[in-house]
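The chain below stands alone, shown as structure tokens; this is the form predicted alone.
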């Protein structure tokens, strides 16, 4: 049994959750899968050290569904990575997200950890963030008195920091369904093949016609302080011929973009060539 030195409440509906969050203060934390929160509390992380109440949302049916409605897919915040991997909707329409989810931790972790917990915790190594960014994910956030939508990129404000305010909870992830002309891929580099924290992640989604790029989206995780879309690269590639020369140019430029975002670090000599080669390989495979 867990000994976390704090109270745990398990409401049975979203309405109860919102009321509890409204009645509490900033020392209240939401408990979803618990793979970050519980370990953070037990390790004495300063992000969780003052936590005195955990609101367990595991029994909330409203946030456990994956639905497709015409041109959008809605994923409940409480959906686990195992749920994502088993979903035909995700497999058919959002394969980059499925691939990213399948790389996370062990089966036991994937059975517990949730999609919203991954980006609400906002560790730089959050594996699903690059995939969600290239899919233009939008979050639905609720409190007792309001409901709003915000893009994932805007939501992520810094390492382990987001725009989520006290009293609020992410309830849904909303993703426009890419048309059949889009192709994409995800690549993760860790210290080992499985149960590995990401050292570098990269997601690419591209649509091209007659070998001309009509739309391209490139995002990374782990190598940048937070998951990031490389919009300068995307603009540079737009309407250009999707050939090997362009792939090389984009691969060179991503090194420059990462260096601009992070500054020169002791790991730059290793990481920059690796991310450049990762992007080149992904692009060449998508041509």
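Nothing here was measured: the structure is a model prediction, and the numbers come from that model. Residue numbers count along the first chain shown, from 1.
This next part talks about the form predicted together with a small molecule, which is not shown.
Can you pick the one in 57, 223, 218, 250 that has a heavy atom within 4.5 Å of the small molecule in the predicted complex? Only one listed residue qualifies here, and that residue is 57.
Position in contact with the small molecule when the complex is considered in the predicted complex, options 73, 116, 137, 204, heavy atoms within 4.5 Å: Residue within 4.5 Å of the partner: 116.
Just checking whether residue 36 would be counted as a contact of the small molecule in the predicted complex - the rule being heavy atoms within 4.5 angstroms. Residue 36: contacts the small molecule in the predicted complex.
Interface membership of residue 153, the small molecule in the predicted complex, 4.5 Å heavy atom rule: So residue 153 does not count as contacting the small molecule.
Is residue 229 near the small molecule? Define near as a heavy atom within 4.5 Å, in the predicted complex. Flag for residue 229 set to no.
Verify the contact flag for residue 105: yes if a non-hydrogen atom of it lies within 4.5 Å of a non-hydrogen atom of the small molecule in the predicted complex, no if not. Yes, contact at 4.5 Å.
When the small molecule is placed as it is in the predicted complex, which of 82-90, 120-128, 174-182, 209-217 ends up with heavy atoms within 4.5 Å of it? Going through the listed ranges, the match is 120-128.
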